[in-house]
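Okay, so here's just one chain, in structure tokens, the form predicted on its own.
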Amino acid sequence: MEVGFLGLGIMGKAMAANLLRHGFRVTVWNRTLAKCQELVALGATVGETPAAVVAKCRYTIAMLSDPSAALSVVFDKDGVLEQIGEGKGYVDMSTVDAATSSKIFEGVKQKGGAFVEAPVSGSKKPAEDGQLVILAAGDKTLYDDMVPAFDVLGKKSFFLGEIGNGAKMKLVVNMIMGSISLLSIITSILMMNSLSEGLCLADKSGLSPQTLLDVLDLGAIANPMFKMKGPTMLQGSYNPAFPLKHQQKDMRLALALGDENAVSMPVSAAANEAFKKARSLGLGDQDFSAVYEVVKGAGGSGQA
């Protein structure tokens, strides 16, 4: 099966690499073409423009950073619409709002092509391991045609019906994840303070601090988020598995969906403010756990 792949960021590069490793013929494009070379080493060919990729491939997948990028790749000069047509399918796996998906759908439809939105739940590691969850909607025939690729990219794919449902589901999922992640980080900060005192007390009492950690990890106080992110957070190291700027973008889009449906989301609104503050501090390209720096700063200044 031959597919085109547009967008080779953290997620897109891992996904395209998985397709290549599973025997797919893949033609790739990225705005910075130099980023294609790692995929070329795995057997990919390069398209000079999105239009060139669509012209070559019956099916084209896109994994782009935000709604603006998703629209640009489709509607700008040398974009998808210049070559999409009858017998060709376009699958946008970016996280965008329902209005963006609908606009892309209308453009592709007018050219005679088929469209599926298929945002994913998961970050860098699940993308590398082919363990994403795919939330698809749109043309059912195209979805069925893409199942072999989806089976490589993810552990489960859902078909959610009409265009917009995939985008909405992804935003709800990311809104919940973003809010819970922030609450987990706040909880972890409180735990860190208690843990620091406990480790000191154990040491002064002649007990092994490492044994204390082992005991705590086996008990009810064990915290998966702290165990996974805690060590790097304490070191101030935030290599991006899921960039903070994308988490904040998803929170913003989810809050807009809440406004549209008159759903009050105070926890998510508070979380969004923290992620926005982190972006203003220049942390947007770091892992979303870098929001710890905001919470830590607020705690250090005595703010609630």
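This structure is a prediction, so every number in the text was calculated from the model and none was measured. In case it trips you up, residue 1 is the first one in the sequence shown, and so on.
The same protein has a further form, the form predicted together with a small molecule, not shown here; the description that follows concerns it.
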11, 63 and 246 - do all three of these have some heavy atom no more than 4.5 Å from the small molecule in the predicted complex? yes
Even though the partner isn't displayed, in the predicted complex is residue 163 close enough to the small molecule, meaning a heavy atom within 4.5 Å? no
Close approach of residue 32 to the small molecule in the predicted complex, 4.5 Å, heavy atom: yes
With heavy atoms only and a cut-off of 4.5 Å, decide whether residue 83 touches the small molecule in the predicted complex. no
Although the small molecule is absent from this view, report whether residue 179 comes within 4.5 Å of it in the predicted complex, heavy atoms only. no
Given the stretches 249-257, 53-61, 272-280, 40-48, which is the single one in contact with the small molecule in the predicted complex, using a heavy atom cutoff of 4.5 Å? 249-257
The one residue among 232, 102, 157, 72 placing a heavy atom within 4.5 Å of the small molecule in the predicted complex is 72
